[in-house]
Ligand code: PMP
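One chain comes next, on its own, written out as C-alpha cells in the form predicted on its own.
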Amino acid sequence: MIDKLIKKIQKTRFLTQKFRADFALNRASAGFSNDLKDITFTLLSDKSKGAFIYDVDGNQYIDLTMGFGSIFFGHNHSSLRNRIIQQLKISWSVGPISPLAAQLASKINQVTGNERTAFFNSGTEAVMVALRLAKAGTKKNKIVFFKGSYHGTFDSLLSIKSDSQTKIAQEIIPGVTQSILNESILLDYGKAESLTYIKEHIHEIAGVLVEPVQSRNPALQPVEFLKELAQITEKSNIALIFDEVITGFRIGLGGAQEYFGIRADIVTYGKVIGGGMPIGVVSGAAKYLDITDGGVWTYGDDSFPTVKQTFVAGTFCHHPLAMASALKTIELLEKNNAEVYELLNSRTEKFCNALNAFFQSNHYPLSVSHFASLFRFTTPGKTKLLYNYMLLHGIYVWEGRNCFLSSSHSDTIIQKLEKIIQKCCFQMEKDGVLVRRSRV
C-alpha cells in the first residue's frame, strides 16, 4: 500500500518536501510515525468540482472532507460561484460596511429565531467573542466546556485534561499556559455529575459552552442532559452557549436549537452558512449581543446606547464576498428546505447503516456514527490505516477525520463509496492490518 501510494502522489510529496523549510504547516506532520513517514503529508489539490477533488498529480478523489464541512452543495457550485463573481464586479472592499451584512443578520435571525447577530472571520473567533460576551453579561469569570468537544483554536479551550478535584482545565500543549486555563472548567459531556458541578458553582460560572452534537463523537446526543442544562443555566444567570459551527445549518435551518427544542443564549455559526467563504457568526439573545454595540437606539429621539460595551473588531468581519455567499446559501437552503435536508440526511443515514452492516457481517472492529450529513469512522489500532487505503483507492479524508456528504454526493457516488471501502477492508485483511473479531 505504501509503495503504491508513494507512486500515486509523487508531485504532492515532491512539493511538500521542496517547500517544507519555507512553509510551516502542522497538517504536513499530522499523525507522524517512523513507519508511515514516507506517506505523511496533506494532499495538494488544485481543482474541485461537485463531490470530487483532484490532486496536483491529476488523480481524482471522492471528497469526504468537503472543506472541513463548509461545502454543503458541492465544490464550485454554480449558483454560489456566480453570486461571488457578481459581487466581485461590484465591490470586495472593506472599511465602510456592506449593506449585505445587515441583510444577512436579519435573515439569520429570521430562520433561526435568534434576536441579534454579529459577524467575525472564523468559527474560532466567533467562539472567542461568545465567551467574552458571556463573561461581560454575567459579570462572572468561569467558562465550562466538555471533554470531547472541539471549539477551534482559542487558547483557553485547548485542553483535554482537567484537575480531578477542581475540574480546572490543565496545561497540555506547549505555549498554552496554565494561567490562561485557570478560568476554564472541563467536565464530562452527558454525565449527571457534570450537572451537579454546575449547580454547585453557579456563583462563578459565566457560561457553559457546548457542542450539542460533538463533531468528534456524533453518536453521543444526550438530549435530556441538554434540556436539564438549559433549565439550570436559565435560572442561574449563566449563558448557555451552543457551538453550532458544524451543526448549524447542517441538520436544518434552525440548527441543533430547533432539532433538540432548546433555546441557547448565544449561538456560534460558521462553515455551511459561508458557502465556502470564511465566516464566523455570533447570534442569540439581545441581552448578550447588545454588549457588542451598546444595544438598540433610534434617530430623532432621546434614546442612546444603554449597555456597557466590550471590544470586538476584525478587518474582514463583514467581507462583501462572504456576506454575498452566505445570503445565497440561505436562499438555496430556504428554496428547497425540507427536500434538501431530508434527502441528504437520509442518504447519510442509509450510507452509514450499510457500512455498519458490512463491518458487522464481516466481524471487522470498525464502525461509523453520524448526525445529519456529518459522520465519523471508529478505527482502533492499526485499522487507522483505512484512511491511507481509501486515499490510494480514490477517497479523500483529511487528517482530522471528520467526514461530510454534500448534496452533490449522488446515490451513484455513494454506492461507489461503499464498494471502495469494502474493497479497502478486504485488502487490509489480506495485508494483515485488519483482523476479524472472534465470533462468540
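Every value quoted in this text rests on a predicted model; they were computed, and no experiment measured them. Residues carry their position along the shown sequence, with the first being 1.
What comes next is about the form predicted together with the ligand, which is not displayed.
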Heavy atom within 4.5 Å of the ligand in the predicted complex: which of G274, G255, G123, G284 fits that? Just give me the one. G123
Would you mind picking the one in I241, A169, A322, V245 that has a heavy atom within 4.5 Å of the ligand in the predicted complex? V245
Quick one: which of 304 to 312, 336 to 344, 144 to 152, 100 to 108 gets within 4.5 Å of the ligand in the predicted complex, going by heavy atoms? 144 to 152
Taking the shortest heavy atom distance, is E211 within 4.5 Å of the ligand in the predicted complex? yes
